[in-house]
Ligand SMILES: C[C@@](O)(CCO)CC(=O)[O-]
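First, one chain by itself in structure tokens, the form predicted alone.
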């Protein structure tokens, strides 16, 4: 039995623009997906996922993971819940050069699904790491991040960014620009997250931004402006003391950039009323800045606030289902005790 966990993430800056070659800075948060893998003596794959649907489920299927499991839940749920596990299995089999390897897989997750916190990336990263280790072929982190990206790229029909999987693999804050991914130093940023209980359709939202960008010059300029915000944020982080508590001045400046970033994302049509409401509730409560995180359309916002006022205000905000503080996860994917 091999158990690995990987963290979720928030975007400080840069979602959507990263798809067009602009930089982005995601940061790992200490909410994790945990994947347990036991090799089997046959080529079957058995997936137990208590946290990937309302009631949880167990499915078993044979041969190639492209076979559709026979399970009494709606097809879209099956596709969403096991698509990433399927892709992780394919990558692990390829990495270990064992195309017929079978597994019993258990997935547990603290990360809300589809909320913009990188739940799928965390499951894929932890899944590939656990499966390759179980087969005696552990991967170095760069190869693991690359294979996890390929898995997401496959499932998301070519619309995936390397940001989520690289951040989940490495931990801390990272800079992503095209295929160039590097960890960067960051202080202990005081994240507060608000979750509206929903999820946007990532593919539809990405496609909507693409259509705007192709039709209107101002939309393309907006995407480039998001890239400028990322670069300004990087300069601020470069002057901070890594893993120390940030100064109020740094939080104020980062917060202003986050506010700008949210406004530009809203202009591109990827926010939602629930997200805007939570952003304004956080700001009114004294947060230094707040923005949506992830694809948008529903899901989560992230705010900077070292005090309790923002999380308290969000918990009483209409449309906010959950509010919680999340520490920066300085450690990425890791092996856990069974």
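Small disclaimer: the values here were computed from a predicted structure and weren't measured. Residue numbers count along the first chain shown, from 1.
Keep in mind the form predicted together with this ligand is missing from the figure; the text below concerns it.
Here the chain stands alone, but in the model of the complex its contact with this ligand, taken as any heavy atom within 4.5 Å, falls in 290-298 among 307-315, 290-298, 36-44, 273-281. Across the proposed site, 15, 161 and 206 without exception bring a heavy atom within 4.5 Å of this ligand in the model of the complex. In the model of the complex, at least one heavy atom of residue 156 sits within 4.5 Å of this ligand. Heavy atoms of residue 202 reach within 4.5 Å of this ligand in the model of the complex, making it an interface residue.
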